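Read the single chain below, which is given as structure tokens and is the form predicted alone.
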């Protein structure tokens, strides 16, 4: 066994956290030979419920799990953390505008960003899951003094997984045969799930499906609005699939990902593909297995792709402008 990896999880007693924690404890991120310590953060009123989650984790007797720490103090939860999964965020309430939601969550992610900067381990990586995750990530990144911007990423892996499954189902293939699906932009209903470089069982996706109208219409809409459809179906938001995507996202940082099937990561833009600089946007990325990523260069974008990507980039710029007073 290698040294213990310390994983901080916020909102740990919530729906996503309840599905996520056993995945981490059983080796879902670092593999079957790496022990993990869980450092769990919740708001004070939820600490009793979090204590129940800790009891269940203990009762599972995971071979890789060395300890479980519960706290309402970010500095305790993030202390010496190798990986921080920021899952907890405030959901939009009745009558709440998006700007109000961004401001309310901004206060949370300012504090968490500062605590990460002060307490986390020297090689920490931060994955933001709580929505609106792109801009929450931007806020935390700007407030985590001393932590390089490239250590932060937000999650569109759920959208990539959804897109792969929809393409596979349409083509009558297994989703493991779908490669190179790209998610551009924001984890919102403006996101652009791009199939133009995708393959299904080695064949270009557009050829395998042979239905441009479906790809440009129902496919995109299904991926963009899948979360809403799940809420309507089960009365609750995505939890299991979001937890799995968070594990997939984090695992991709610690394994090698190549350009023939890149990871969908939301990372700080350097202007690649015409994306406005300084926003947290979805890109196709390769990873080196050590927590580092690179945006895949040189992919062609046709006029349709440029148009759809521009819409989601515009939304991200608008969100950034709404929280500019929170960016440290």
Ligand code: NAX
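Positions refer to the first chain, counted from 1. Note that the structure is a prediction, hence the values are computed from the model and not measured.
Quick note: we don't show the form predicted in complex with the ligand, though the next part is all about it.
In plain terms, the part of the chain that comes close to the ligand in the model of the complex, with a heavy atom within 4.5 Å, is 129 to 137 out of 142 to 150, 195 to 203, 168 to 176, 129 to 137. Not displayed here, the ligand is kept clear of residue 164 by more than 4.5 Å at the level of heavy atoms in the model of the complex. Contact annotation: residue 223 falls outside 4.5 Å of the ligand in the model of the complex, judged by heavy atom distances. Using a 4.5 angstroms limit between non-hydrogen atoms, residue 257 is distant from the ligand in the model of the complex. None of the heavy atoms of residue 186 is located within 4.5 Å of the ligand in the model of the complex.
None of 115, 158, 250, 181 but one reaches within 4.5 angstroms of the ligand in the model of the complex through a heavy atom, and that residue is 158. Just one of 208, 230, 108, 119 comes within 4.5 Å of the ligand in the model of the complex, counting any heavy atom, and that one is 108. Annotation for 71 to 91: interface residues with the ligand in the model of the complex are 87, 88, 89 [heavy atom within 4.5 Å].
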